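Shown next as structure tokens: one chain only, the form predicted on its own.
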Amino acid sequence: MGGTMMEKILSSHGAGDCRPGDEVWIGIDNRTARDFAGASVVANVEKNGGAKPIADPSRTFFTFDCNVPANTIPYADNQQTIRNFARKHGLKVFDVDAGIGSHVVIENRLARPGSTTVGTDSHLNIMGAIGAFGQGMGDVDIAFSFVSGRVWFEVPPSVKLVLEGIPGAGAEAKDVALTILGRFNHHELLGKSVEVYGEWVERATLSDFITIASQGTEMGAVTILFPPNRNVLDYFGMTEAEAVYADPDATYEAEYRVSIDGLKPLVAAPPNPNNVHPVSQYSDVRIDGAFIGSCTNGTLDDMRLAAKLLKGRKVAPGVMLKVVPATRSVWRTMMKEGLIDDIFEAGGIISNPGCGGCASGQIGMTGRGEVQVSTSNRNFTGKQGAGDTYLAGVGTAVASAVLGRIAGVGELEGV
């Protein structure tokens, strides 16, 4: 009997011939901790690891992205505690200038198709975008991985999701993600490894996959796995033979088919990401701000789209548009290509790379009574402040910022 993508990735990392429900030990290629909970990882290593060395310093590192640069004393203390520990053990720190840790790991090719990565980030299953295993875990588990190079894991059941058709004009990967969230709003994907297939998947970009995979946590899934297509393989300079794909006779717990044919822009209204509706249903909702960024929509492709749509336009009076690139590399390219100028001239605010308001620490937070359209992945009460957050794609965020109300990108003149 053949294996699913999840089963084959785990098998290649020490789990043997594993099946759903098996409790296995797996080798971890990348062990990470971010500024949030990173200091707790350090404390657990020092308390329980004793004199044990770090398993592989070249594959163990820290990423600062939640509160960068630190704007509170506790975060500054935690970050410095981590730096001191890293110096002592010869570990790499992607410091406050680097950007979102999961994106940094991909950009630096530390994670590759078929690899395994764990860390203290609840959205580390974003690695499914490149056909890899990624998982957020507690600080004790991550501390153990630092000194052992492996973790315990229960093999999840796999399901197959086939996306049928091609989205319509103006729709983005975020709208595909929201479609899936709206369809599976009764926790059908809870605890599952979801493999995604279809015509659109075969031609989608890495940025598209990142957007959808980063919403896997909100779907309740263990991960959203995309079989690496040509775009992803070229990004890593790999061949199909080097990546991991499901066997033709792999066994799935269930198979779902969801139509995205002719898909139009969507929003997830508060108070949860599953509350998905067409943008047109909220055209009378006035907004105070828009946020473009986060691990869901902070890639260079997202920034290019935002700048293209904003060029020659102005953000509506009384609306604050906040833009946060995912990484330093994205920020640098934005400067070289003039994207920052386009966003600035339109009235937008561009911050340093990081998680932004999605981490409740930086630009993108809302006050009580404030209404915001955000490209982030969560809109639970309090997640991005005390106001109301509507989740949407970049086009919807830009159109809403320009028109001063929730609007689809098709409402912008000339688009």
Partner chain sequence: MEKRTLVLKGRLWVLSRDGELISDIDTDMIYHNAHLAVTDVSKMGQYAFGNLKGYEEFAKQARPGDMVLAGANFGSGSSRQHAVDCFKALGVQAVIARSFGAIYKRNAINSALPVLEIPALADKAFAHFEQVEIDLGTGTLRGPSGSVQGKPMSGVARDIYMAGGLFEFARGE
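Positions refer to the first chain, counted from 1. The structure presented is a predicted model; accordingly, all values stated were derived computationally and were not measured.
Heads up, the form predicted in complex with the partner chain isn't pictured, but that's what we're talking about next.
The closest non-hydrogen atom of residue 139 lies within 4.5 Å of the partner chain in the predicted bound form. In the predicted bound form, at least one heavy atom of residue 147 sits within 4.5 Å of a heavy atom of the partner chain. In the predicted bound form, the partner chain sits within 4.5 Å of a heavy atom of residue 152. Heavy atoms of residue 23 reach within 4.5 Å of the partner chain in the predicted bound form, making it an interface residue.
Highlighted residues 217, 378 and 382: every one comes within 4.5 Å of the partner chain in the predicted bound form, counting any heavy atom.
Only one segment in the set 105 to 113, 73 to 81, 309 to 317, 253 to 261 has residues whose heavy atoms sit within 4.5 Å of the partner chain in the predicted bound form; it is 73 to 81. 122 is the sole member of 205, 283, 275, 122 with a non-hydrogen atom within 4.5 Å of the partner chain in the predicted bound form.
Site annotation in the predicted bound form: the residue of 89, 92, 183, 187 reaching within 4.5 Å of the partner chain with a heavy atom is 187.
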